[in-house]
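Only one chain is given next, in structure tokens, and it is the form predicted alone.
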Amino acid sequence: MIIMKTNATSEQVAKIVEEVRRYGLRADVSKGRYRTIIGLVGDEHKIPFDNLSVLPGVKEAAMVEVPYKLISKEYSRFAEEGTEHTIVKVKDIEIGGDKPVFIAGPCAVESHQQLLRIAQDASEAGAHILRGGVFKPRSSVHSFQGLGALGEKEARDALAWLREAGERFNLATVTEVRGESQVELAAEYADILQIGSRNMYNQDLLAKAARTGKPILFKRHFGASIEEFLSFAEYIAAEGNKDIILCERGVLPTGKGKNYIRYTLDLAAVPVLQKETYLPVIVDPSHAAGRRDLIFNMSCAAIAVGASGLMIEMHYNPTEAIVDAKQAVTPDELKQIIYTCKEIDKLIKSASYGKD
């Protein structure tokens, strides 16, 4: 990254950007209160750092050792003079702010009335964001792929229902995009675009979703290391979109663990990710546990380790859900989860460690 002097002019910054592009790289310009940082995106071996460090307005040219430099704490601290984390704002909701944010709704949008009823239940339980899948990635081609798989009209109708439900009950909305062809359509209706775990490595999809300018809810792949997770989140940031919400949703269980849980929820990943990056981190206990009876405990644990929010599947009658019925909680259970998690969050933040 190129660290500019506090008195560097806009012309000097533009000259650095021009020089970076001349070598075939892109420049990420981050303007803080006191200084401007220019991150280099691309093959850094092509560019002579020594030449850049002596150009007018440059304080220093520094190497960032991690492969996810644009979202790293180191980059943020230089740009914003000590910023530890950022807040992703969606409507009047602050993800990564002082209070946990709760996302709830069905795994799949099934009908207009189903979604409206669930949205009302989610709102009354205290949720802030309504989730609903229109394009569903499934392990079997014979499983329900979401209404979006039936055609563009059906996809547009389902997305319109999602937006209507959000507006009616004062909820922001999030839906998953499974392929590049779905991005623009989903972005017309949803407030947040979700990249699911199976698409974590899909660079073209990440880039196209990022270019919409919508906040991206980015899920960790169930076999990905933390470094891989952050390195692919960097593809979103490299497109100029840093409104990224990281989501831990569990990794593959070992041995006979799969007989008891769907995935192993890696709660240690939450504070680790918070130490490595300034992005907010939420947890999806539904896909990790895969069992309704475990969601309450895993939700409480996630908030206790510092997660900025939860993403929970909810249905007014889980037995009727077409997709993931076993892991959907009821409205009353959701209400209890949200209430308890808020109390845990207050307790954690009010604790005075090391003091009498």
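Each residue number is its position in the shown sequence, starting from 1. Owing to the predicted nature of the structure, the values given are computational and were not obtained by experimental measurement.
Although it is not shown, the form predicted in complex with phosphoenolpyruvate is what the next lines describe.
Comment: phosphoenolpyruvate is not present in this chain, but in the model of the complex one of K214, K208, K136, K242 has a heavy atom within 4.5 Å of it, namely K136. Shown without its partner, this chain lists T173, S197, Q182, S72 as candidates; in the model of the complex, only S197 has a non-hydrogen atom within 4.5 angstroms of phosphoenolpyruvate. Comparing 279-287, 86-94, 113-121, 182-190 against phosphoenolpyruvate in the model of the complex, the single stretch with non-hydrogen atoms within 4.5 angstroms of it is 279-287. Phosphoenolpyruvate is not drawn, but in the model of the complex it has no heavy atom within 4.5 Å of A307.
Proximity of R249 to phosphoenolpyruvate in the model of the complex falls within the 4.5 Å heavy atom cutoff. Proximity of M311 to phosphoenolpyruvate in the model of the complex falls within the 4.5 Å heavy atom cutoff. Under a 4.5 angstroms non-hydrogen atom cutoff, phosphoenolpyruvate in the model of the complex has K219 among its neighbouring residues.
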